[in-house]
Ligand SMILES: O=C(CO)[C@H](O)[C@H](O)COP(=O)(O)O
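As structure tokens, one chain now follows by itself in the form predicted on its own.
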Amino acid sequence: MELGVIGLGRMGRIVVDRSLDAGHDVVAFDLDAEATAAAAEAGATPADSVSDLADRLGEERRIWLMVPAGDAVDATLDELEPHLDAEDVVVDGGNSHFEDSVRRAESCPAAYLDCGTSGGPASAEAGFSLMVGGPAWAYEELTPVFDAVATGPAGHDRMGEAGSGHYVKMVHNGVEYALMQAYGEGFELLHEGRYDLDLEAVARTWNNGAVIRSWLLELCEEAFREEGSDLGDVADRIEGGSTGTWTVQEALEQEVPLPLIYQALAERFSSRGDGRFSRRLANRLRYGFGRHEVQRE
């Protein structure tokens, strides 16, 4: 396939590289000319602008947006609009709010796929998990690219109509908050408890056959190996929180109790005050899966 990719940050560049590795042709653009040049060195065709990218694609355009959620998505769609028609497909692979995705799907001249993307930069080699919402025909049309960008055919699926992909990803992030909170509290008790424990060894042992083994627990092991059992100078401050807030807001609207996710969100906000070990571990885990900057003392 021929794919246009707009937005060449950490995640967008992975989309480019994995698509190229699978034999697809890629036209790439970013506002940062150096990022566009780097993609060209990897084998993509560089574009000078959003309009230039659209013009370089064939009659049936397949375009993947990997730009920050919010105004940047709308601005990019405004630039693309004169070049799009009903035979084209646009994928939004960012963390957009699902209601924004529904609105964009209704107004976009092309078929619009909202694609929740999980795995972070650490998934550059293994591939992402992709949760896609939108028209079935458009999803099927992009399946070869989804196969390439995801872990494989099992790493993506169509969740349903417009907005459902980003809805599922929103809830995924809420679950992620709660899991990080649970691991953090457990390790905090081990750190403050009766025994002088090597927490890297604990995490490694749990990861080999224990019921609670997971990738996040592997990242706990990595954090203790690199920072020490006391987490060194990792600060008690957890950034982020937008998708968790959306999850809690949706739960309130649907009258679904989410006490664990709500408490994890509250801990994230309260981390901007006094220090706790569990939140320091969550701070470090965000680097593990998303390469977000570690806040340090």
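These numbers come from a predicted model, not from an experiment. Each residue number is its position in the shown sequence, starting from 1.
Keep in mind that the form predicted in complex with this ligand is not shown, yet the notes after this line are about it.
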#### Entry: Selected contact from His172, His83, Arg225, Arg103, since only one has a non-hydrogen atom within 4.5 angstroms of this ligand in the predicted bound form
His172
### Query
Of these, Gln249, Thr45, Ser242, Ser270, which has a heavy atom no more than 4.5 Å from this ligand in the predicted bound form?
Ser242
### Query
Quick one: does Asn95 come within 4.5 Å of this ligand in the predicted bound form, counting heavy atoms only?
yes
### Message
Residue-level question: is His292 within 4.5 Å of this ligand in the predicted bound form, judged on heavy atoms?
### Response
yes
### Message
Test of understanding: in the predicted bound form, would Glu176 fall inside 4.5 Å of this ligand by heavy atoms?
### Response
yes
### Query
Would Arg286 count as touching this ligand in the predicted bound form under a 4.5 Å heavy atom rule?
yes
### Message
Just to confirm the contact call: exactly one of 200-208, 83-91, 151-159, 176-184 touches this ligand in the predicted bound form at a 4.5 Å heavy atom cutoff, so which is it?
### Response
176-184
